[in-house]
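Heads up, the chain below is alone and in the form predicted alone; it's given as structure tokens.
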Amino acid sequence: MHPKILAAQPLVTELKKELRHRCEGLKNRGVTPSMCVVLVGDNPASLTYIKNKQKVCEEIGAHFKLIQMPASIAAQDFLSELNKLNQDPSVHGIIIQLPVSESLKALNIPNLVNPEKDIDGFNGVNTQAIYTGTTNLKLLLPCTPKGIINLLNYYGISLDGKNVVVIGRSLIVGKPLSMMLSNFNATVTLAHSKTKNLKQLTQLADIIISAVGKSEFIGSDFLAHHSSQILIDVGINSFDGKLTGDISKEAQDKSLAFTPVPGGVGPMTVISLIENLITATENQVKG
């Protein structure tokens, strides 16, 4: 039996339709949802990610704006520009594109954006909902974890009582995702670079989620002998000029189902961001 490919496209198409409709509703009330991305420097990878966000944003009828600042910008000037955006009622969603330059790394980046406009879902006010056990995916939650859970739901993969190993403990993916999975009644192991016996843990898992950022890190030896495991690949790596994930083809072939790279978690992250933008705009119009 061939493993099932958990492609994002069918769900993304559905969500775009729904978001277009919600965006139209806001425009009928005289409000065009507006996203602003703040980029410090000109990292080529960041520019590619931003283009993806812009494309989907404009496809659903929302407004997109990029503010590019020099890598040498002083922290005070950066904060002053950001403050203007936080106070601008015509801007409904703000993203600070990571990574920022060295001069800004001492700032508490996740909490600089007004929680109401924090469409990345990183502000402590928004992440608090995860700690208090929410299963409401309509809140402004971190986009990659939200996208992964929506994708699992779409393909009818229950998390209830499942043994899930998440590899990678970043504040953007691993940590919030492990808590959100726990809110959906999964038993979660959060593994990382210092974890011992990683293969023993993954071999016992029902679902393996890799957010390591190492090309083909997960080989078939990480999997159990039976083909009943689900693999979620968050890695986006460049290897021999090709885009690859963290999970090797041999591991994919041995699984029950897997997310492809490209075409899996990546598009789910972007559509979750646009969903957060529309939700943030609706909340601000209500307020």
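In this text, residue numbers run from 1 along the sequence as written. This one's a predicted model, so the numbers in the text were calculated from it and none came from an experiment.
Note that the form predicted in complex with ligand GUN isn't included here; everything after this is about it.
- In the predicted bound form, ligand GUN lies within 4.5 Å of some heavy atom of Y49.
- In the predicted bound form, ligand GUN stays beyond 4.5 Å of every heavy atom belonging to I73.
- Ligand GUN is not drawn, but in the predicted bound form it has no heavy atom within 4.5 Å of L79.
- Ligand GUN in the predicted bound form comes within 4.5 Å of no heavy atom belonging to V212.
- Of the residues given (T202, N123, Q97, S178), Q97 alone sits with a heavy atom within 4.5 Å of ligand GUN in the predicted bound form.
- Taking V91, I172, L152, V164 one by one, only a single residue has any non-hydrogen atom within 4.5 Å of ligand GUN in the predicted bound form, and it is I172.
- Stretch-level contact analysis of 131 to 139, 97 to 105, 204 to 212, 178 to 186 against ligand GUN in the predicted bound form, using heavy atoms and a 4.5 Å limit, identifies 97 to 105.
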